[in-house]
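First, one chain by itself: the form predicted on its own, in structure tokens.
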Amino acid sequence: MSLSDSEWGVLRREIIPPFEKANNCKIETMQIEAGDLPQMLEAMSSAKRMELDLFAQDNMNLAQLVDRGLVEDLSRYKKDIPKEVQKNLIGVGIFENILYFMPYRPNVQIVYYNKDAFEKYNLKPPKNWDELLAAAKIFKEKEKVGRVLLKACGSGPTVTQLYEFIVSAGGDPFSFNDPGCIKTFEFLQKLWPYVSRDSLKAKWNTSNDYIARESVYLMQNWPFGINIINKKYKKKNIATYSGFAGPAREAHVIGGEVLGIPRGSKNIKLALVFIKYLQSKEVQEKFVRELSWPSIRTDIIVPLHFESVKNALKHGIFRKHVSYWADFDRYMNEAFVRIVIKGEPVKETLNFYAKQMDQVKKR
């Protein structure tokens, strides 16, 4: 797994020892970064010396493991996934109707907002794009600066947010110029004059600071921000909810990690038992309580803020598994800068990037 020291501490202290005792075994843990795992598995596979029996991997880095034939087919064990696991979390592990990865640790962005600021101007948290634009306009009019935050720093944070907007408008992000894409960029172009200039620096870590220091009143971010805002900043006036819908639906990108078994593992049966243990109510409750991780299960009573996470997951979507994600990321960021920040024509610019994307797909 790829975890922080504090996260490993909980696993090694509270999660792993009871399993070792119950199954009369010893688990060796290894810190392996998501980007390093494919090369490590390939080297072990080539040498016919598979030394790993189970791994956790970011759900955006799965395709190459399948393409290289590095993971076991787990389809026959799909029936063993607890019925309480949210059904929409299983699909990310399926490639061409074969289950290769098991759900274990999801993640999803939610919306944070300043209750005091919204009450001051008699506003409710926006539930759709029209209400989001209206709130942004009122904040800008009353306070002369933008108070709504977009992730406009570029790279992954910007593309993830754009992906959600496009799907919620009924579009396919990889098309670049279908009606949903056009609606999204037209809306963001309208919204941009009213957002905070901090948006240009906003990513997953800085966004928490902006709302905690009240330079912005609304932002979208991953759930780990709840602990930072409440514990580090001692803020009690920041609330959360799942988010706002676009013209077609509410949609939230599901991130996080899944579990896989390397092809050639010598302990497949025990690895499967450990997977089931990690999916259990007992362990998932500890993940929520000790680590503030969202749970894969529907039967866990969660803190108030995590109701927002639970609701967001109900509207969850997975990014498509494609081999050309890096090109898509670059073109989507370029389109955002040109259209939203610089104000260039929406349709003409998107048509240009649609052609670029088509050439990448053909290659």
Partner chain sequence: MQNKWIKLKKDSWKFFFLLPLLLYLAIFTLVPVIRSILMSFEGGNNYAWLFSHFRFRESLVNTILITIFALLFEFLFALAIALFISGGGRRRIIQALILIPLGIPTIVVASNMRYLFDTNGFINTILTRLGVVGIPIDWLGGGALTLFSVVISDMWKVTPLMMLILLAGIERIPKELFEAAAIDGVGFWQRLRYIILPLLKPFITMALIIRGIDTFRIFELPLALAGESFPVLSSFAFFEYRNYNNPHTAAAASTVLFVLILIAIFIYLKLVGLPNEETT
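Positions refer to the first chain, counted from 1. If you superpose the two forms and keep the largest set of C-alpha atoms that fall within 1.5 Å, you have the rigid core. On a predicted model such as this, the values are computed, not experimentally measured, just so you know.
The same protein also exists as the form predicted in complex with the partner chain; that form is not shown, yet it is the one meant from here on.
Though the partner chain is not shown, can you say which of 51, 334, 307, 58 has a heavy atom within 4.5 Å of it in the predicted bound form? After the contact test, the surviving option is 334.
Tell me, which of 231, 213, 266, 236 has a heavy atom within 4.5 angstroms of the partner chain in the predicted bound form? By the 4.5 Å criterion, the partner-contacting residue is 213.
Close approach of residue 64 to the partner chain in the predicted bound form, 4.5 Å, heavy atom: Yes, residue 64 lies within 4.5 Å of the partner chain in the predicted bound form.
Touches the partner chain in the predicted bound form: residue 330 (any heavy atom, 4.5 Å): Taking the distances in the predicted bound form, the answer for residue 330 is yes, it comes within 4.5 Å of the partner chain.
Residue 257: heavy atom within 4.5 Å of the partner chain in the predicted bound form? Heavy-atom contact with the partner chain at 4.5 Å: absent for residue 257.
Give a yes/no on whether residue 198 approaches the partner chain to within 4.5 Å in the predicted bound form, heavy atoms considered. Heavy-atom contact with the partner chain at 4.5 Å: present for residue 198.
Triplet 118, 242 and 299 all within 4.5 Å of the partner chain in the predicted bound form via a heavy atom: Heavy-atom distance to the partner chain in the predicted bound form: none of the three under 4.5 Å.
For the interface check, one of 217 to 225, 199 to 207, 243 to 251, 161 to 169 should have non-hydrogen atoms within 4.5 Å of the partner chain in the predicted bound form; which one? Heavy-atom contact with the partner occurs in 199 to 207.
Hey, which residues along 150 to 185 are within 4.5 angstroms of the partner chain in the predicted bound form, non-hydrogen atoms only? 153, 154, 155 sit within 4.5 Å of the partner.
Core-aligned C-alpha movement of residue 326 between this form and the one not shown reaching 2 Å: Result for residue 326: no, shift under 2 Å.
Displaced residue check between this form and the one not shown: residue 338, CA, 2 Å or over, core reference: No; residue 338 is a residue whose C-alpha shifts by less than 2 Å between this form and the one not shown when the cores are overlaid.
Once you line up the core, how about residue 68: does its CA shift reach 2 Å between this form and the one not shown? Residue 68: C-alpha displaced by 2 Å or more between this form and the one not shown.
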